[in-house]
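Shown next as C-alpha cells: one chain only, the form predicted on its own.
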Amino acid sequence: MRTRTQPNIIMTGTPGVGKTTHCETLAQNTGLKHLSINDVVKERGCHDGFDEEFKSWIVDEDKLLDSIEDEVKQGGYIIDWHACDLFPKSWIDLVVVLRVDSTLLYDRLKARDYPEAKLQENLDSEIMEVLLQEARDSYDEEIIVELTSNTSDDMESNIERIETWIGHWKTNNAEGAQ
C-alpha cells in the first residue's frame, strides 16, 4: 500500500539526451525534487573511485541506494540518471526514457569533450536501445514512457505530458481516492 502523496519519477537515457534539463524544469514547475544521482555519488561518497578512461565515478550501487532510500521512499522525487534498473520497483511510479537522434547525440557528447571510448559506448547504447530495454526488463510496461528529446519543442511537449501525468497521479492517489 502506498503512503506517498507525491510520485517518484525516473528520468533516464543516454548521457546527452536532456535528462537534467527536463528534471530541472519539471522540479521548478511541479515542486518535485530533482535528485541528480551524479551529484549524490560525488557528494555522499557512493563510489569506489574514478575511472580515468571514461572520466566518471565507479558507482557503488549498494551505498547509493542506502544513501537515498529514506528520502525517495517519502515520494516527490525526479531521479536523474542514465541507469534505472537498480531502483526498486516499489519506489517508482513513472519511468521516462528520453531518446535522441544519434547524429544529434554525437554532436552533444562531442561538445562535452567526452573521451572517444565513452562517446562511442554511449552512441552504441542509444542506437541499440539499451536503456529502453533496461527499463522494460525492470519495470511494468504501463509505467514506462519513451519520449523524443531532439529539440526544445520536444522538451516543452515532454514537460507538459509529464506534468499532466503528475496531476493525474496526484488525483488518483489522493487520500480516499479509489
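Position 1 is the first residue in the sequence shown; the rest follow in order. Please read these numbers as outputs of a predicted model, since none were measured by experiment.
FYI, the form predicted together with 2'-deoxyadenosine-5'-diphosphate isn't displayed, but the following is about it.
K.L.:
Looking in the predicted bound form, is 2'-deoxyadenosine-5'-diphosphate within 4.5 Å of a heavy atom from each of Thr3, Gln6 and Ile92?
P.N.:
The answer is no; none of Thr3, Gln6 and Ile92 reaches 2'-deoxyadenosine-5'-diphosphate.
K.L.:
Does at least one non-hydrogen atom of Thr21 fall within 4.5 angstroms of 2'-deoxyadenosine-5'-diphosphate in the predicted bound form?
P.N.:
Answer yes; at least one heavy atom of Thr21 falls within 4.5 Å of 2'-deoxyadenosine-5'-diphosphate in the predicted bound form.
K.L.:
Just checking whether Ile162 would be counted as a contact of 2'-deoxyadenosine-5'-diphosphate in the predicted bound form - the rule being heavy atoms within 4.5 angstroms.
P.N.:
Ile162: no contact with 2'-deoxyadenosine-5'-diphosphate in the predicted bound form.
K.L.:
Going by a heavy atom distance of 4.5 Å, is Gln133 a contact of 2'-deoxyadenosine-5'-diphosphate in the predicted bound form?
P.N.:
Flag for Gln133 set to no.
K.L.:
Does any heavy atom of Gln120 come within 4.5 Å of a heavy atom of 2'-deoxyadenosine-5'-diphosphate in the predicted bound form?
P.N.:
Gln120: no contact with 2'-deoxyadenosine-5'-diphosphate in the predicted bound form.
K.L.:
Tell me, please, which stretch of 124-132, 64-72, 45-53, 106-114 lies within 4.5 angstroms of 2'-deoxyadenosine-5'-diphosphate in the predicted bound form when heavy atoms are compared?
P.N.:
Heavy atoms within 4.5 Å of 2'-deoxyadenosine-5'-diphosphate in the predicted bound form occur in 106-114.
K.L.:
Is any part of 118-154 within 4.5 angstroms of 2'-deoxyadenosine-5'-diphosphate in the predicted bound form by a non-hydrogen atom, and which residues would that be?
P.N.:
Residues within 4.5 Å: Ser149, Asn150, Thr151, Ser152.
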